[in-house]
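Shown below, as structure tokens, is a lone chain in the form predicted on its own; questions about how it binds or moves come after it.
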């Protein structure tokens, strides 16, 4: 079973997703696909907090901020397992706005306009491969595309792209859930 969980930031999506992924794991392996690519101390602190929050859940962490489809062929990954990918938002950001570290500082070479289609295809391929193997994927995404404020053109490109990626995932997922202030609403 594949599940998409979306909603606002700090609304309980990650905890809810951990519960779903753990329930779906049954007796198989339980993986957490960590997608944040840290560029500063704040990112490192957030990662440390997330690691503490997952303690005791039994997740094996896989660091994979880009090219998610590469997990399909890895020998150390059992596709019959249960995967929690947190988050779709970060994967798209990493692909659309890649960061390169130069002399210990992040450099952003610019927007990759082809990234959204590539991310859609890779996430759908990963979901399909896991489903065919008998496993499950729980995708976590931030619903940042719903407000009516105006943003810079690159931010608007990103918001539209994330909405498109989420729509594509909703098509390949068996369940689609929105989490708002800890309240869940099943859409599919």
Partner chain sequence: MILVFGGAYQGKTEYALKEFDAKSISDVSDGGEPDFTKDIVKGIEGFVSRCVRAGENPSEYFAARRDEWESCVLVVTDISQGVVPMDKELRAVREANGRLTIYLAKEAEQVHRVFCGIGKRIK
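The structure presented is a predicted model; accordingly, all values stated were derived computationally and were not measured. Positions refer to the first chain, counted from 1.
Omitted from view is the form predicted in complex with its partner chain, to which the following refers.
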| item | value |
| --- | --- |
| Heavy atom within 4.5 Å of its partner chain in the model of the complex - residue from 46, 66, 160, 131 | 160 |
| Position in contact with its partner chain when the complex is considered in the model of the complex, options 60, 53, 156, 70, heavy atoms within 4.5 Å | 156 |
| Close approach of residue 26 to its partner chain in the model of the complex, 4.5 Å, heavy atom | no |
| 4.5 Å heavy atom contact, residue 147 to its partner chain in the model of the complex | yes |
| Touches its partner chain in the model of the complex: residue 176 (any heavy atom, 4.5 Å) | yes |
| Contact test in the model of the complex: residue 15 vs its partner chain, heavy atoms, 4.5 Å | no |
| Every residue of 4, 167 and 185 near its partner chain in the model of the complex, heavy atom within 4.5 Å | yes |
